[in-house]
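Presented as structure tokens, the chain that follows is alone, the form predicted on its own.
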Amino acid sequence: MDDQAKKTALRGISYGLYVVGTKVGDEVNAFGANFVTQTSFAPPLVAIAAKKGTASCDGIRDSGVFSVNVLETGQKDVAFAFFKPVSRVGNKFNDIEFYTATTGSPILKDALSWFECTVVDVVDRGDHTIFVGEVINAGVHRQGDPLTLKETGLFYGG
């Protein structure tokens, strides 16, 4: 296989950029994610991928729940804040405020919209674990255009 051709072809997949949260015991955790897609209308199912060996991946596996926060175009700084470990102080991840709803997973107050899921299937392959979740709750904070990976100047695929 031509490695450069593979990389170029995989980088042609368009991605959104989200913040995925979960609860880890009595605490919450979140990470920047782009492996997010809807997989079914009825029931409403989504698939996300979390990097193996991370607190978030372990938290989703252990708790069986996660939230997805849809960010708005221009919120690159919010997404980037969750690319590295973020300390939680009260109801903030540094300066980013959140609340919880049905699952106890964090919902960012400044996200465009959000949804919460319960895990219904797990696929453990490669360097990420895929979690299929059934959407059990959702909300919209405001209307707007979602943030995309292309807008950030980053590429993912390899």
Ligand SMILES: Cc1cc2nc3c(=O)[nH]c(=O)nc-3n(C[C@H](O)[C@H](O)[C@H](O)COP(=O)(O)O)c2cc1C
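Nothing here was measured: the structure is a model prediction, and the numbers come from that model. From 1 onward, residues are counted along the sequence shown.
There is another form of the same protein, the form predicted together with the named molecule; it is not shown, and what comes next is about it.
Note on contacts: among Ser63, Thr103, Ser56, Ser113, the single residue with a heavy atom within 4.5 Å of the named molecule in the predicted complex is Ser56. Contact with the named molecule in the predicted complex, judged by any heavy atom within 4.5 Å, is made by just one of Val70, Val46, Ile96, Ala50: Ala50. Using a 4.5 angstroms limit between non-hydrogen atoms, Ala33 touches the named molecule in the predicted complex. Within 4.5 Å of any heavy atom of the named molecule in the predicted complex lies no heavy atom of Gly74. Residue contact check for Leu17: one or more of its heavy atoms lie within 4.5 Å of the named molecule in the predicted complex.
Using a 4.5 angstroms limit between non-hydrogen atoms, His128 touches the named molecule in the predicted complex.
Considering the named molecule in the predicted complex, the lone stretch of 37 to 45, 24 to 32, 103 to 111, 118 to 126 in range is 24 to 32 [heavy atom distance within 4.5 Å]. Contacts of stretch 72 to 86 with the named molecule in the predicted complex, defined by any heavy atom lying within 4.5 Å, are made by Phe82, Phe83, Lys84, Pro85, Val86, listed in sequence order.
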